[in-house]
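One chain follows as structure tokens, the form predicted on its own.
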């Protein structure tokens, strides 16, 4: 019984396959796909036919399992089924393929195929030609998170980091992907509540703690942090020395500290509107204060960014210059 069913199946397939192979366009498609993996659009260009007409032929070939498909994103790449299809179809194609390849239609198809393959290739001088404009075309990101997460993947796992003077948590959002544990500290209970609400959507891989406390008496254990930041904080302090001594205490030997600060400016309205004590701080003053607190390797880095606060909801924002100061605690001897 099994032997008779085995021989009957190819015969049952034969009439349908003969109808498929009786169409010249479908044979041309199979001949092209025997040579190269192509998309439906590329096939249409090789055949010099409308895409809708080619799609109809591809539907028939799919119904008879004569195609292999490979998805890349939303693009489908096609090849002939080959050994993965039916043995009978493979035998038939092997029989008729030489005559197709030697025919005039395939010669013209092959010429257009060469043009399609050439169009795929990026010219060797392409990036030299577009380098001056490339940032405007291809280096824009919606949030910058992808770049940040890529850089973060190079850091050692298990870091304990702190956002000191966290406010509403805008620095913490950038820190969270870098840390396994993030501690947000602020002396304002209301600010901590805002930060907690704003950070609810952080990935669960980061444990976030919120601690109320003064910057010159941090609610942190000695040598408990791998790193810390103060973002837009020092210009709110009358004297930063005590706060920086506390940061040094809380860092582990070799731990790093980064300060994001405003350069000196003349927008006096920020004192009333944002509670600033200083109209920015000179880099030399911040460096000197960090060194006096005991930090090492203190250096300033420029930032290609601006702080843009508004005097009022309907008024134009300012564009205030920023800088970063990096430092570290001395490593264990």
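Residue numbers count along the first chain shown, from 1. Predicted, not measured: the structure shown is a model, and the values here were computed from it.
Form predicted in complex with a small molecule: not shown, discussed below.
Engineer: Pick from 161, 92, 237, 208: which has a non-hydrogen atom within 4.5 Å of the small molecule in the model of the complex?
Structural biologist: Of the listed residues, the single hit is 237.
Engineer: Could you work out which of 248, 199, 191, 220 is the residue within 4.5 angstroms of the small molecule in the model of the complex, going by heavy atoms?
Structural biologist: Of the candidates 248, 199, 191, 220, 191 is the one lying within 4.5 Å of the small molecule in the model of the complex.
Engineer: Is it true that 170, 213 and 233 each have at least one non-hydrogen atom within 4.5 Å of the small molecule in the model of the complex?
Structural biologist: Checking in the model of the complex: 170, 213 and 233 are all within 4.5 Å of the small molecule.
Engineer: Given a 4.5 Å cut-off on heavy atoms, tell me which of 182 to 190, 67 to 75, 100 to 108, 123 to 131 is the interface stretch with the small molecule in the model of the complex.
Structural biologist: In short, 182 to 190.
Engineer: Since only the chain is shown here, I'm wondering whether residue 255 would be in contact with the small molecule in the model of the complex (any heavy atom pair within 4.5 Å).
Structural biologist: Residue 255: no contact with the small molecule in the model of the complex.
Engineer: For residue 165, is any heavy atom within 4.5 Å of the small molecule in the model of the complex, or not?
Structural biologist: Contact check for residue 165: yes, within 4.5 Å of the small molecule in the model of the complex.
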